[in-house]
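A single chain, nothing else alongside it, follows as structure tokens in the form predicted alone.
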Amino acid sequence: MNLMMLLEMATEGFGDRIAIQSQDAKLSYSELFAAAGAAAHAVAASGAERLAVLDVNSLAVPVGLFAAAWVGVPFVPLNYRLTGKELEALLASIAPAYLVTDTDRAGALAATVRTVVDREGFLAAARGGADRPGEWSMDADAIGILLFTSGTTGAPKAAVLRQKHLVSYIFGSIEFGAADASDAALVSVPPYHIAGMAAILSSVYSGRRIVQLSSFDAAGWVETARRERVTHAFVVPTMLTRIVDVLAREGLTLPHLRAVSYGGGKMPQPVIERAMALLPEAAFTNAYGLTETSSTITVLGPEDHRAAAASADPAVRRRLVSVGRALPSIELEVRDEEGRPCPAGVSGEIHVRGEQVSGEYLGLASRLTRDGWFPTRDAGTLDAEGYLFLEGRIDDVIVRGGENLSPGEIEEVLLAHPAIADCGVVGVPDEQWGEAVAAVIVTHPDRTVTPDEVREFVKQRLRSSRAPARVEFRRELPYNETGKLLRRKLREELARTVA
């Protein structure tokens, strides 16, 4: 197995189609194949053992991804938002590396890596070069991608995704050549996130044109989607919230958009209901996955969305905030602290198993169990029909007087309040109970709610122990660029203020 298999098949099947475009620059599938070969030759000549790209979404990302697969070195997309010292630490951990980046950073990081090439020089050489290595290796255990985790709960770790994990994910979830020649996927998630990698690989295998957006801006996203007649898109919940705001405010439609996938964070039910109303012709899919699982492991598909939205049964309608059911190639269990499967509706830690699951980090012991299960450290529940509901990280569980409280469960209730636009629930130190529930709330611009009203709203729907002892208001909550709520930052902010 090798990622180059995917590009080779696409080149043979629809080589003249545009594979990817970034602003006015474009590469057909045949041109992408040739560019990957020339870039692979340059990387091989450098003697580097990793190919790293430090860049926004650009043509350098797919060229680098497939060049690395061709020459047989791991591809390492790096977070361009990191500081100089943070980047130096990551680059030291993957040395000796061949680094592609923008001109300014190429100069600043020249002393840190074996070879530094600026983006334009890399692409010019790749598009103009004729030399290429021989056949690529088909070693399924070779490392395809190293992805540094976000580090929201500690120092970033490099997740190891081997060729077999990545190719298995694509073969198990994407139909080859399924895209029409006119299909276009808008990619605005950063390339250093697993969703960014999955978007490239899945679009290439299906034959879909990729339209890159270097950074997300809701108005720019809508304008690009309309101009490029985008048919498919992936967004995180915070992006979708801002997109529907623009559509509603400007009275715009997206007439060509047929499929919207979202994930990376908890989707508030009012947001997805509003999006479905504004985009009635689009098929919505919620995809849950992790870096360590090579992307998606559960899906709430378009039919699930429609059935839930149309149902009068509260249990069925609630599935709009679920992440759906496991892919056919994935085994999934929710387990208690003793490792036993939890009954339906009982919270526990999500465990998964499948060919696409890595559970491995560079330089660290594998986190897979002896029989191949990966403990995700995500908390959740399964309903009787196998729909998975996320509740946040296991580390985020609030322990109040010996009782485990799920922040996600409380947030779901709060988001049903007509005045609350967004919220984050965390545990804060409490002398009597060990931890107390704290809620940080963002209200809609034209609405207000008092702390007592917030508490009463929760008490009426959950046990009184889940009502927030502390309620604070903010204009916005801290999220990372892939839509994950940074609860650690919330706890730090609350610790600096007096209740």
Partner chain sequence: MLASGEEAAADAALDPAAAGGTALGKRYISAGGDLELLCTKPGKGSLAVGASPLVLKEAKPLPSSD
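Residue numbers count along the first chain shown, from 1. Model, not experiment: these values are computed from the prediction.
Not on display, but discussed next: the form predicted in complex with the partner chain.
Spell out, yes or no, whether the shortest heavy atom distance between residue 75 and the partner chain in the predicted bound form is within 4.5 Å.
-> Residue 75: no contact with the partner chain in the predicted bound form.
Does residue 13 reach the partner chain in the predicted bound form, with heavy atoms at most 4.5 Å apart?
-> Output for residue 13 is yes: heavy atoms within 4.5 Å of the partner chain.
Any non-hydrogen atom of residue 302 within 4.5 angstroms of the partner chain in the predicted bound form = Output for residue 302 is yes: heavy atoms within 4.5 Å of the partner chain.
Mark residue 5 yes when one of its heavy atoms lies within 4.5 Å of a heavy atom of the partner chain in the predicted bound form, and no otherwise.
-> The answer is yes: residue 5 has a heavy atom within 4.5 Å of the partner chain.
Exactly one stretch in 211-219, 97-105, 270-278, 197-205 has heavy atoms within 4.5 Å of the partner chain in the predicted bound form; which is it?
-> After filtering at 4.5 Å, what remains is 197-205.
Find the only residue in 82, 287, 390, 254 having a heavy atom within 4.5 Å of the partner chain in the predicted bound form.
-> Exactly one residue meets the criterion: 287.
Heavy atom within 4.5 Å of the partner chain in the predicted bound form: which of 115, 241, 406, 173 fits that? Just give me the one.
-> None of the other options qualify; the answer is 173.
Check all three, 29, 58 and 119, heavy atom within 4.5 Å of the partner chain in the predicted bound form | Contact check failed for every one of 29, 58 and 119.
Just give me the residues of 327-363, first to last, that have a heavy atom within 4.5 Å of the partner chain in the predicted bound form.
-> Those in contact are 327, 328.
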